[in-house]
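The chain below stands alone and is given in structure tokens; this is the form predicted alone.
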Amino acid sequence: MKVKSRISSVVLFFVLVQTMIGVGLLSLPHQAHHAAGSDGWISILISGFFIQLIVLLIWLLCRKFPNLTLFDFSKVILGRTSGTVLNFLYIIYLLTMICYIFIIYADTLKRWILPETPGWVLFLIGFVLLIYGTICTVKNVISLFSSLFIFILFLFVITLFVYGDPSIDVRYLFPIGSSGGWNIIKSTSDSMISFIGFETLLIYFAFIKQSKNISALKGAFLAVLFVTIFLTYIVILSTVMLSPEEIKITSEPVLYILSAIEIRILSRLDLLFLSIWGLIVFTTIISYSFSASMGISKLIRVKHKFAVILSGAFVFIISMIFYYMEITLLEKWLKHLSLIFGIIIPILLLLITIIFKREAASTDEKK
């Protein structure tokens, strides 16, 4: 079924940036340093370039089926049965991703702000916000994302306060390339999980005006470029602020750095940063939830509102279960699943489309 709502390339930029910048921001410098040492920022740049190529391939796939989301054109490419199975797997992947974000979000809040608050209370609040933010039309979601984009700029402004700290040492970045070219390239597989969210383009490209035109790609390219620059900045900032020994044992370097900074009117910049980060994370959750709910409504033919409630209930229950278990295994699964559902499957679908000449029978692009 073709979508009827339309968004511009500029709006796609806002949606994609806030889907990609999310829960991984706080731990990224630690993970990048663990994978590539002081060259972690190079790994982020390479990952960003690679993601741009994947975005191009996703657009080449989606332009074959204008106005159709993944949940529609998968059946055209693979047939009704195989397409339905693929849609089901994508829905599970999207919901699992929300669960992971929920768990990291609740765990971070408990350790930094709300140590006495039971985890189930945080999940319940998250469940209510998820339902409230997702149970609406795509235009409402877009309006929310556009207005909240300014908070990402606030995150950047807050980090500017650290430059007065005397502990900054740019020598921690040198010698550049000391980790070795092969190690830097290998570490990109770890860095790429910080870019997850781009796979939602399989849904959002259907809403773009004139999606077959190259201009439809502009918003997605600029969004990935923005995210790449922002993440690289965060990694470089953490690298010059903390010694290699400190960053190895600090799981959330950005918060650790900000907790030591005091200005005249604010004594806890880390809490301010964390509060704004929480809003950004929820836009990520809403974006994934909206995509998953759309898939559920098409899969079992129910209204969007009911699909949102189903997805919210699933996320609430599974998050509670995994929260009290070791989530290292879940992290490993998601690392592999994001590569499979974000890169491998779209490439395979594109190849099948080209080889077997699969394409939407007709479009309403001229409307």
Partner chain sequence: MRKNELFLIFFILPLLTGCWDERLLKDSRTVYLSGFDLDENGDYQTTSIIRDLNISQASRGEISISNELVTGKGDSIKEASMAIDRSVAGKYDPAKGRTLILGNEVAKGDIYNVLDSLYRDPRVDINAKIAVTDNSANEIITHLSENEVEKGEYLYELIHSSEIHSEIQDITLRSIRTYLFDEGKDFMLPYLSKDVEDDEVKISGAALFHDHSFTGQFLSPDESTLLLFFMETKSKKAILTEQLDNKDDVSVSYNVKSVSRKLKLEKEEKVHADIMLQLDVEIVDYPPDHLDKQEMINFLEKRLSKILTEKADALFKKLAANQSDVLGLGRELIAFHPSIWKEIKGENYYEHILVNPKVKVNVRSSGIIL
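Positions refer to the first chain, counted from 1. These numbers were taken from a predicted model, which means no experiment stands behind them.
Just so it is clear, the following notes concern the form predicted in complex with its partner chain, a form of the same protein that is not shown.
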>> Among the candidate stretches 227-235, 150-158, 288-296, 114-122, which one is within 4.5 Å of its partner chain in the model of the complex when only heavy atoms are counted?
In response: 114-122
> Taking 4.5 angstroms as the cut-off for heavy atoms, does Ile249 touch its partner chain in the model of the complex?
Replying inline: yes
> Pro244: heavy atom within 4.5 Å of its partner chain in the model of the complex?
Replying inline: yes
> in the model of the complex, does Thr96 have a heavy atom within 4.5 Å of its partner chain?
Replying inline: no
> Is Ser167 close to its partner chain in the model of the complex, meaning a heavy atom pair under 4.5 Å apart or at it?
Replying inline: yes
> Tell me, which of Lys186, Lys209, Lys139, Arg268 has a heavy atom within 4.5 angstroms of its partner chain in the model of the complex?
Replying inline: Arg268
> Just one of Phe282, Tyr172, Phe221, Phe145 has a heavy atom within 4.5 Å of its partner chain in the model of the complex. Which one?
Replying inline: Tyr172
